[in-house]
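In the block that follows, a single chain appears as structure tokens, in the form predicted alone.
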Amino acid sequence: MPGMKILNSGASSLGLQLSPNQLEQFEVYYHELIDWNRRVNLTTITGYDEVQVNHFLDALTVALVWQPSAGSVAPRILDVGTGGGVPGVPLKITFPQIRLVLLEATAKKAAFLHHLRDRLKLKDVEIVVGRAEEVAHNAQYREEFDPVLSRAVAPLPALAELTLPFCAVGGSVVVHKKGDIEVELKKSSRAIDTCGGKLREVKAVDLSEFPDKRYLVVIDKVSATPEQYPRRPGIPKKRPIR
């Protein structure tokens, strides 16, 4: 009997059916994450049940606001500041057809991602080592993705500047947030507008597995991001667009 029962139950609540093979991939992912975490700081959450809920199921909540369309061209997705591969890798396991790019600034974490990709035999997964502020000015990645994902990377005003330049016009950015986000949303409106975005919705994530308030902030890309954004490394967080 496959493990990952909490994840499997939560995924069903999201309308997702995970196969025994997919559950086995999540099982392997968990053990690799914990093994590498002894050498590389990937996560402070290490319990079997906790990882299922706070990493894997949390990643899959993206399905509440976005899922790949059946029969269409495989979407190209970017996960900005992916760390240990969340939310990108859980979504790739669940939707194998997506073409995934994982962006991570720390080389040691990127080494884990290369190992994980090979261990899980994932196809169409590219790992890019670099800062979002610099990679977003590379034509190969600028305005090339739909959706762009990010979780636990920065406050929303900075995150808008770090993610929207990667998003194709007509696409969207999906950001995981927790707790009381009203003030953060208000402070981010100028940055979203400046970088070519428009707030579409703030989707409350209502699953019994989560005891706290969780949201998906969905920002549509309505116009091209001006060339000067994002600004140089560190500036979006230090001096957010206001």
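Residue positions are given as counts along the sequence shown, with the first one as 1. Quantities reported herein were computed from a predicted structural model and do not represent experimental measurements.
We do not show the form predicted in complex with a small molecule, though everything after this point is about it.
A residue is said to contact a partner when one of its heavy atoms sits within 4.5 Å of a partner heavy atom; residue 105 meets this definition for the small molecule in the model of the complex. The small molecule is not shown here, and in the model of the complex it never comes within 4.5 Å of any heavy atom of residue 142. Put simply, residue 92 is far from the small molecule in the model of the complex: not one heavy atom of it is within 4.5 Å. Taking non-hydrogen atoms only, residue 146 never approaches the small molecule to within 4.5 angstroms in the model of the complex.
Contact with the small molecule, judged by heavy atoms within 4.5 Å in the model of the complex, is confined among 117-125, 79-87, 167-175, 92-100 to 79-87.
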